[in-house]
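Take a look at this single chain in structure tokens; it is the form predicted on its own.
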Amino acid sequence: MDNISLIFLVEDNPDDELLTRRAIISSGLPIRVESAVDGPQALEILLGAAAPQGSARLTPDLIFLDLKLPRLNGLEVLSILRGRAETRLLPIIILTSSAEKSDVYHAYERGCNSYIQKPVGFERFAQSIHAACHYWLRLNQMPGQNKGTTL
């Protein structure tokens, strides 16, 4: 049986969070989803800022990060995560409604791995999420990961 992958979803809109969770679950892949509703909460969970000394922090296999977040926006969260050794290499997909060229540029400039504009309609949205999950969790090889291939 496949290992269960962990996706961390950072989304402040409850309807979009539910929609994204449904799309992830409908992918058919063994995935657990954890979430945060704003930038500071996401950083606390990922970096263990609020955890007692020696406590484990969340280390997801993939992060879906919205840009328009309260208190600390997605670009700021992305910059902080890329500046820390423990989160520098985590795959981070910007998942947002924004199609602004400046948002796309700044997201890549700050180190996102992919930028997905949320499609309209659940079927198209789910197809985008399924493709992203399949690629990042099944096809992509990350440093330190052994997917059974040998030379």
Partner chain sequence: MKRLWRFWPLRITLIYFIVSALWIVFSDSILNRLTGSLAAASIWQTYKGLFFITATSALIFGLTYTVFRQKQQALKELEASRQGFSILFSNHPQPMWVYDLETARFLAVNEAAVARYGYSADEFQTMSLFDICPENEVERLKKALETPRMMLQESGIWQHQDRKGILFPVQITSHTLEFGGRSAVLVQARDVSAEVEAFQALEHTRREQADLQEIINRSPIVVIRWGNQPGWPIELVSDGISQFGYSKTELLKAGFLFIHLIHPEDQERVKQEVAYYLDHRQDEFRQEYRLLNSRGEVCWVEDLTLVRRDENGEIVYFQGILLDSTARKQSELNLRETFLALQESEERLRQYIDFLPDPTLAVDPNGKVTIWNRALEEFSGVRREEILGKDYHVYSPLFYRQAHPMLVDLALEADHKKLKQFYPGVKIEGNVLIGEVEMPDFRGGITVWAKAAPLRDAQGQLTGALEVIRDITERVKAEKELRSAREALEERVAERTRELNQANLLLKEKLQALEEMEQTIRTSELRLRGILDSSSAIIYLYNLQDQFMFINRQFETAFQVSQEDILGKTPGEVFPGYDSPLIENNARVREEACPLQFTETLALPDGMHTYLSTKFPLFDAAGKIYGVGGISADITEREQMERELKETHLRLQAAFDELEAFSYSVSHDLRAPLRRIDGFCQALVEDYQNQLDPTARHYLKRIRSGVQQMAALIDALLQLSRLNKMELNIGRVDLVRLCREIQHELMQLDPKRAVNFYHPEELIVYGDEKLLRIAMRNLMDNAWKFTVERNVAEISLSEERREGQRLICLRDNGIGFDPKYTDQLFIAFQRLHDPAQYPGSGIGLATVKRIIHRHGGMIWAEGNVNEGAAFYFTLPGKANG
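Numbering follows the first chain given and starts at 1. Note that the structure is predicted; figures quoted are calculated from it, not measured.
Only in words, not in the display: the form predicted in complex with the partner chain, which the text now covers.
- Only one of 37-45, 114-122, 57-65, 86-94 places residue heavy atoms within 4.5 angstroms of the partner chain in the predicted complex, namely 114-122.
- Residue 100 belongs to the set of residues with a heavy atom inside 4.5 Å of the partner chain in the predicted complex.
- The shortest heavy atom separation between residue 22 and the partner chain in the predicted complex is within 4.5 Å.
- Put simply, residue 127 is far from the partner chain in the predicted complex: not one heavy atom of it is within 4.5 Å.
- Among heavy atoms of residue 131, none comes within 4.5 Å of the partner chain in the predicted complex.
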